[in-house]
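Single chain ahead, by itself, as structure tokens, in the form predicted alone.
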């Protein structure tokens, strides 16, 4: 995430009419808010095949044939995918990349927002485009796109051999590989799925299938020595650099590192593994018994389980606490430190910890309205739209960004005000 220390953290509220924009355009699409809350933006339709972007009530001067997938980068730059005269590119704060493509999609940002990548198609060949420059090598097909944290390296699953629609033998022999910065691995596989880049972007790992029933993880093109009946999305340990992935072994799931199981406990399912920020703890979403879900830390499952779904696992910045969005008996809440919040809601967003890990907050939805919950308590006030809260670096203040009664409000509140 970009540095938030330079944001305006003065207590108070700034407002911007939003519903009023609808009188100025044929229609206004879904709004997006900058990370610092200073800008609200939306794609707007001016006339037939005339689109632009409106920011704080002012439309960009440039008009496009089509504009979609509006997003703010972590550094606050506003990006949108646009079509001009039948060609596609990326517009950043109103300025388009010089390169044009047959199509672009799936915008990715570096952690600090300084670098932007998209998947691109040109002349029915596929590659990544990073900061306006497409890979020199292009491929028959490409999926599972990733960008390194520093934004200097991009990768994707690529098809390197042609195959006919009914050519099963060629497909099983292997047509897919992975490419890092446009350079494909020498090895090919029947399938290549979710990719992971190391912190510096120099190493690439992927789920692979060799033949019909042989699954493993490949790192820099080399498969693990051991195969499994199935595997899930790998990650690189941020400190040690080992590759960690969920694997299915003898009918049950566990976690493995560099091909060897590291958890003695076995589960009906295990996935979405995550390393704590300090690198000392390893968590994952697991199913201890069929139909039930909980979190496991360093192989030890929590006692509290839910009977429908568990997603969005998050460690606190200090690595001591862990939370996830949980669905139980048809309702949503948060599972925090092995306990469920008392709240039961229509929907809930991923948990957000304060910098010191003391507080956990999130956006919730009930009856079609959105609200803010902190440490299991609903904060007074509801919104038509509400974005995730952001804590100040010292954790004493919270930035709340939402639309209420057609007006966008940027509020900075003290945590004491929220909990009063």
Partner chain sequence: MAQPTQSEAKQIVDPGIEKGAAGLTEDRIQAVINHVIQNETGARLKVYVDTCVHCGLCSEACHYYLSHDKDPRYSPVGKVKQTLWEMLRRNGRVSVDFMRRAAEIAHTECNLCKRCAMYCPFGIDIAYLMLVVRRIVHLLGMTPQYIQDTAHSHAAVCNQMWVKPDEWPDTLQWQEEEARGEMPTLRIPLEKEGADIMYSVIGPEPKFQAQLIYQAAVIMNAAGADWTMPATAGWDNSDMAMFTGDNEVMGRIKRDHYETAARLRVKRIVMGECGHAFRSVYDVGNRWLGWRIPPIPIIHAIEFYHELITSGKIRVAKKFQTPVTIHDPCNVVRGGGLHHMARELAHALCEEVVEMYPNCEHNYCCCAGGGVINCGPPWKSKRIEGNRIKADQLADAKIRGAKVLIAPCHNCHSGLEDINHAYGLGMEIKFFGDILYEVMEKPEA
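Numbering follows the first chain given and starts at 1. Here the structure is a predicted model, which is why all the values come from computation and not from measurement.
The same protein also exists as the form predicted together with its partner chain; that form is not shown, yet it is the one meant from here on.
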| request: Give a yes/no on whether residue 61 approaches its partner chain to within 4.5 Å in the predicted complex, heavy atoms considered. | output: no
| query | So in the predicted complex, does any heavy atom of residue 207 sit within 4.5 Å of its partner chain? | reply | yes
| task | Considering only heavy atoms, tell me if residue 279 and its partner chain come within 4.5 Å of each other in the predicted complex. | result | no
| request: Give a yes/no on whether residue 312 approaches its partner chain to within 4.5 Å in the predicted complex, heavy atoms considered. | output: yes
| Exactly one stretch in 294-302, 246-254, 92-100, 315-323 has heavy atoms within 4.5 Å of its partner chain in the predicted complex; which is it? | 246-254
| Site check 9, 87 and 341: each within 4.5 Å of its partner chain in the predicted complex by heavy atom | no
| Tell me, which of 263, 109, 215, 135 has a heavy atom within 4.5 angstroms of its partner chain in the predicted complex? | 215
| field | its partner chain: the contacting residue among 236, 332, 185, 224 in the predicted complex [heavy atom, 4.5 Å] | value | 332
| task | Would you mind checking 93-128 for residues with a heavy atom within 4.5 Å of its partner chain in the predicted complex? | result | 103, 105, 106, 121, 124, 126
